[in-house]
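Only one chain comes next, encoded as structure tokens, the form predicted on its own.
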């Protein structure tokens, strides 16, 4: 619905709500709100996906489940190398395929005989998940797991007993590898070795995650923690609502249509924000013939702008090679991408600059509340939904980053950015949703002031951060 800006209020909040402002400004009974775990997930923004397993050595994308365990034998597994490269790329976490559709477990599961324990790698004494979880802690990265419900190897797949097996293997991951930030489920449900398909007990699996890892976000077509973005290109639509209606939908083939996953539902009943997945190569597992088809730093940056830059999270797949290392081509692209991120977003021209509200009537908040909005811990309100950022002198810039205060729900539906020109204001950018982060890039302009106006909002718009960059 359209919001009357003449009576709207912006607020950026660091701590307690000032006594002068009624609490009703912040709360809106009709708005869905994220959990604290989801807010932490939003802040993670960008992380790597590692597809690794027998397919790495057989050159397949979907293993058959009949591969012998001796296929898996990396010659120089180095999870510290994975994590160093992740950090250099700007990633804040990683997710690994603990078990893909072939049923092979990268840890010595007590509930399968198709695991690293039966492989020649480290004489059956290895545990890829242990090595990666420990490396993540050393390098300050969050750790997550993908556990395919489909299992083309396990003899009990396609029977009620398999749900017990899956619950047990899931519990191993939830209880033996430290804190998890994400549990990744896809909707694949093909036939098992007995020719049958499984009826998955997802409510039971969700309860296990909530019991053992209450801060872990569950990814799937319908969440409940976060949703698939509807494609594997790593992009989300210009309009991206964090809410979704999931009633009547399931995972996989019964999931919501792609256009709904792209946009979300403006009045959706649940907070299920979007995660964009894409591989740095054409395939998801390592294939040597794709060494010359690795995405460039520029391509990765463009994907970043169309995912993180539109309020979604980005999970970028980087498949380790047969040595158990990130290939040199992938490493070079990721390091170049990280440098491009640092160069673009390294220096915020708005740091310490002053903001001025534009208002027609109503009480004005203490001016001290307006001066530091552009800093990382500054907050502001205005009685019209419009404010002007004063950079102090004319500066050249081509990037503006906006963030909503999502604790009280997603509100902004349309906004504009303007700079002074000929005694008036000239529009340089506009957008619809803002969400966790909106990155706007445009031909460089030179100006002393920037005006942000919210032209449509579901409730009182709450803005968390404004940043301005040269690039």
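Residue numbers count along the first chain shown, from 1. The model shown is predicted, which means the values in this text are computed figures rather than measured ones.
Beyond what is shown, the protein has a form predicted in complex with a small molecule; the following relates to that form.
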Exercise. The small molecule isn't shown here, but in the predicted complex which of 179, 232, 191, 390 has a heavy atom within 4.5 Å of it?
Worked result: 232
Seminar exercise, completed: None of 72, 107, 184, 304 but one has a heavy atom within 4.5 Å of the small molecule in the predicted complex; the exception is 184
For this session: Using the partner position in the predicted complex, report whether residue 442 sits within 4.5 Å of the small molecule, counting heavy atoms only.
Result: no
Exercise. How about residue 41: is it within 4.5 Å of the small molecule in the predicted complex, going by heavy atoms?
Worked result: no
Problem set entry | the small molecule contact at residue 277 in the predicted complex, heavy atom, 4.5 Å | yes
Exercise. Taking heavy atoms only, is residue 52 within 4.5 angstroms of the small molecule in the predicted complex?
Worked result: no
For this session: Determine which one of 95-103, 255-263, 202-210, 168-176 lies within 4.5 Å of the small molecule in the predicted complex, judging by heavy atom distances; exactly one does.
Result: 95-103
